[in-house]
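First comes one chain, alone, set out as structure tokens in the form predicted on its own.
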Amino acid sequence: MTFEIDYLALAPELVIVGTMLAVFILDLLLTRPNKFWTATVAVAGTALAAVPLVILAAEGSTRSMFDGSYVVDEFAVILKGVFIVSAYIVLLMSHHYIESDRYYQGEYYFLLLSSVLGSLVMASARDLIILFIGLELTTGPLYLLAGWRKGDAKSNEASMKYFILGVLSTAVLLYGMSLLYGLTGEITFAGLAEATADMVDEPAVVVALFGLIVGFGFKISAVPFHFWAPDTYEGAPTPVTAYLSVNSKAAGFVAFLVVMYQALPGLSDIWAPALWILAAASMTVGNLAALRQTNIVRLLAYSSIAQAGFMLVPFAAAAVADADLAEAFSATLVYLVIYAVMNLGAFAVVIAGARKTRSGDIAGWAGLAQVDTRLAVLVAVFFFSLAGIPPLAGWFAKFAMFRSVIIAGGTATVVLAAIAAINSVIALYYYARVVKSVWLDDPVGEFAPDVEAAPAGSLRLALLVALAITVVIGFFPAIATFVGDASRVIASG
């Protein structure tokens, strides 16, 4: 193996590492009143990491290191851009939230940036070892961040549940990976694809695939591996919950898709039916459970589970129908990118709304439009976008999903499309219930005064960025198609 280092290709990761070290050192040197500088450096460093990505995107070439185990191509650059933009929005959401509750700031930003670094590594990983390191670097810090409200029993419970189930799923995932290596002697995706092409009838391969599906299913909170999500989402600090629902989920999806498409395409007869079941179950269970929720964060938790099912639909349908995998991969990635932006916007609204209403319950948000019309408009924008209502970005995510299913054809895909259509209607109901409470219901309690509830500047900027992207993509969906075009490189091998 050759170890030539391409420093431009690694520049985003190196900038994040430098930012982590700067935050760590500042946290040691600064006294309590000046701790906010750790947040400022974290936000600035994350923004700076986007600069080499712009250079790499303009250059347009593919850079490969470690004998093809680490690749920076158009696909990786776009995904890293998504991860960095999402992290930037989450850091903006965190700035005032962490400071106001007097959490330990330096450790918070250091751990969050560590998770961002892991997601960047995963976007370029092309072998099992680097993929596993990136995946665990992404999720490991989140076990601590989920319990950041140290005096809150719910936060402690959230962290413990996430940790126990996360360690269990990691063990199962690692067992599946090690079994694949034992059967093939390969760790690179290209080598695995060649070695497993004639192993469809090998029982041990089925066991290995089971381990991979269970492990990745936990990372993306797909049913039946979703039990940690509602309690963890509710107990964790809201910015951490937003990060869990977007960056962590996106990283898990990227790993899932790339392994199946690049490393194990010859075994699709085995994994395709399992993914069909995961997609149908996640959509249905997530949406039906969301109907019963009264807490807005738990509603978004079950919504996230259902959205994972929607994202799996093109992936599963094309594999079951033996159709064009590139089209399905494109649709899933387009959905994932749009979901990331609008879901971050929804959680930013939850932070602002909770400050205004002093409540996390949907009923407590009743009549919010009467006292804060701008915030109520944002609630409608992000929740209707999640429901897929035009002309907001969510409609194009749903369109890309259904288009890929229609192209795939076949009886099984038609059934899955019907399940997705029914679940889209169910989802509209509970998203609209939140909007109805905000706009049409009478207030049931007193709202916080504007001087106390006004969003911090960083939170307003996060809302503005998410709003702009959600609206612009909704009116100009061609902007999102470049993500799908780049993903075809991976799907075609």
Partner chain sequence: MELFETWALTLIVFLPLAGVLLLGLVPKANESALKAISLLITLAAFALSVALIFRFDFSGLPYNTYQFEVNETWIGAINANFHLGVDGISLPLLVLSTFIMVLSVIYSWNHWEEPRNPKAFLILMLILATGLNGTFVALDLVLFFIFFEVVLLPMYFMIGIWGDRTLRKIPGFGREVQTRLYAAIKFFLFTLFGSAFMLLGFLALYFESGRSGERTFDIPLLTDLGASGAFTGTFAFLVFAGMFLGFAVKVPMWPLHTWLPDAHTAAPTVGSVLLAAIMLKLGSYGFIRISLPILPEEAASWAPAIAILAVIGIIYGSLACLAQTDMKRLIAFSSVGHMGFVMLGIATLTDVGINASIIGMVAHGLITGLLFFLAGSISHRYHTREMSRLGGNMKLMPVMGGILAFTAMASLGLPGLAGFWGEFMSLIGSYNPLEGLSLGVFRTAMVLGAIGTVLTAAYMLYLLQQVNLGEPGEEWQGRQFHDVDRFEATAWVPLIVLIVVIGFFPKVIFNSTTDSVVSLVETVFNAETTASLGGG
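Residue numbers count along the first chain shown, from 1. Since the structure is predicted, the reported quantities are computational estimates derived from the model, not experimental observations.
Beyond what is shown, the protein has a form predicted in complex with the partner chain; the following relates to that form.
Screening 39-47, 459-467, 66-74, 430-438 for residues having heavy atoms within 4.5 Å of the partner chain in the model of the complex returns a single hit, 430-438. When you look in the model of the complex, the only residue of Tyr302, Phe132, Phe384, Phe218 with a non-hydrogen atom within 4.5 Å of the partner chain is Phe384. Contact annotation: of the candidates Phe396, Phe83, Phe315, Trp365, the single residue with a non-hydrogen atom within 4.5 angstroms of the partner chain in the model of the complex is Phe396.
Not one of Ala272, Ile277 and Leu325 places a heavy atom within 4.5 Å of the partner chain in the model of the complex. When the partner chain is considered in the model of the complex, Thr373 lines it closely, a heavy atom lying within 4.5 Å.
Not displayed here, the partner chain is approached by Pro390 to within 4.5 Å at the level of heavy atoms in the model of the complex. For Ile407, a non-hydrogen atom is located within 4.5 Å of the partner chain in the model of the complex, even though that partner is not displayed. At the 4.5 Å threshold, heavy atoms of Ser424 reach the partner chain in the model of the complex.
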